[in-house]
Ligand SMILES: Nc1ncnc2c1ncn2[C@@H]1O[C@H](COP(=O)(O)OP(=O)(O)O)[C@@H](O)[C@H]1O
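The chain below stands alone, shown as structure tokens; this is the form predicted on its own.
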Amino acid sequence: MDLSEYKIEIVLSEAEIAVLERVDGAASKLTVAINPLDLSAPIPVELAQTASVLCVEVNPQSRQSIARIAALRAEQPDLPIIALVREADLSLVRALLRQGVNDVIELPLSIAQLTESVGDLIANRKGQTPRNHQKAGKLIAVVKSIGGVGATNVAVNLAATLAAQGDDRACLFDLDVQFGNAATYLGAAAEPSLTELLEGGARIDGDFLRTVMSVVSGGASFVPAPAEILPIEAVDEAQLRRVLQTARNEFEFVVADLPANWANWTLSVVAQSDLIILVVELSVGSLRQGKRQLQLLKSQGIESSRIAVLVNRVEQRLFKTIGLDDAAKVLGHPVQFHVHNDYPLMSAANNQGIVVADLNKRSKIARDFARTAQAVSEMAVQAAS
């Protein structure tokens, strides 16, 4: 791709310009202009109007540098914006992404990294409708309290139920790069997989995404976990963020099934998410770990309104030791959803590679997922507004 025809305006303070590596336009294939500007100064209107991509320094110690990003996005809704931040923490990245920043690059600025990011932005925008006309789909992250609570089955059936109302309504990503098993539950091929997208670089766009996806039981589009086990930290956070953003441009709902272990990139996914569903069971171990998961999410600056608790495999018994009200008290968070236990039906669906609604739409568990999907869609929209 020839990037020389695009004008890249970079806004930096004098301190960052002093340590900026030499910008070689020929080597970087970019047409770059460096603009010295104090962190507290607003972005000049002419820069925003003439730039193909605008790169702006943000310093968490300067409220004005953060506020000007929001003002810039309000004035230029279609302009690609890259935030340049030194030692950015997750809460700041999340805040910038929610303000409409397209990408975040660490300072001191690397021209190689800038070239890759700009190429990705340009490739994604080619042939697409303007930003404010894209789907701007809602990202829903499914998090497990502990392994074995059935979170993957929740993600699979939730995505299918969301997808049932129309084409391109929902897709599912199995992001458990070590033990992902959603492909087995859906009777889907293991390849192509998430690996192709993580290695796709700047080529990622809607068309590329669909070459990796398959349409599975229930009508959802699906990206399986890598066929080979990857180290948990091997995932490129920036690349995954671009993949998920591309999916959000293509689908109304993007459901991400996350691994049990936390890493920087998994925290980044929940930070970007419009809604996080924490799946627990009515057991002491699950509720104890669920409480710890809630504390972690809230420590990352995630509002309680963006977190929903789903209790899975609820038994209907005359005498029970732990109920939904007890779970809410232990967690210190309301229980928004619950799904009844129907092991025979769920097991039969898994063995046949289909979702429960395709096996028995009138079953209690299928109706639970239908009610959950309806409420989840409303909560995700509300949380994003």
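Just count from 1 along the sequence shown to find any residue number. Every value quoted in this text rests on a predicted model; they were computed, and no experiment measured them.
The same protein has a further form, the form predicted in complex with this ligand, not shown here; the description that follows concerns it.
Contact with this ligand in the predicted complex, judged by any heavy atom within 4.5 Å, is made by just one of 312, 286, 117, 245: 312.
For the candidate set 99, 300, 195, 181, a heavy atom within 4.5 Å of this ligand in the predicted complex is found for exactly one residue, namely 181. Of the candidate stretches 49 to 57, 62 to 70, 335 to 343, 29 to 37, only 335 to 343 has residues whose heavy atoms lie within 4.5 Å of this ligand in the predicted complex. Proximity of residue 77 to this ligand in the predicted complex falls outside the 4.5 Å heavy atom cutoff. Contact annotation for residue 222: none of its heavy atoms lies within 4.5 Å of this ligand in the predicted complex. Interface membership of residue 206, defined by any non-hydrogen atom within 4.5 Å of this ligand in the predicted complex, is ruled out. When contacts are judged by a 4.5 Å heavy atom cut-off, residue 347 counts as touching this ligand in the predicted complex. Of the residues in 149 to 178, those that come within 4.5 Å of this ligand in the predicted complex through at least one heavy atom are, in sequence order, 149, 150, 151, 152, 153.
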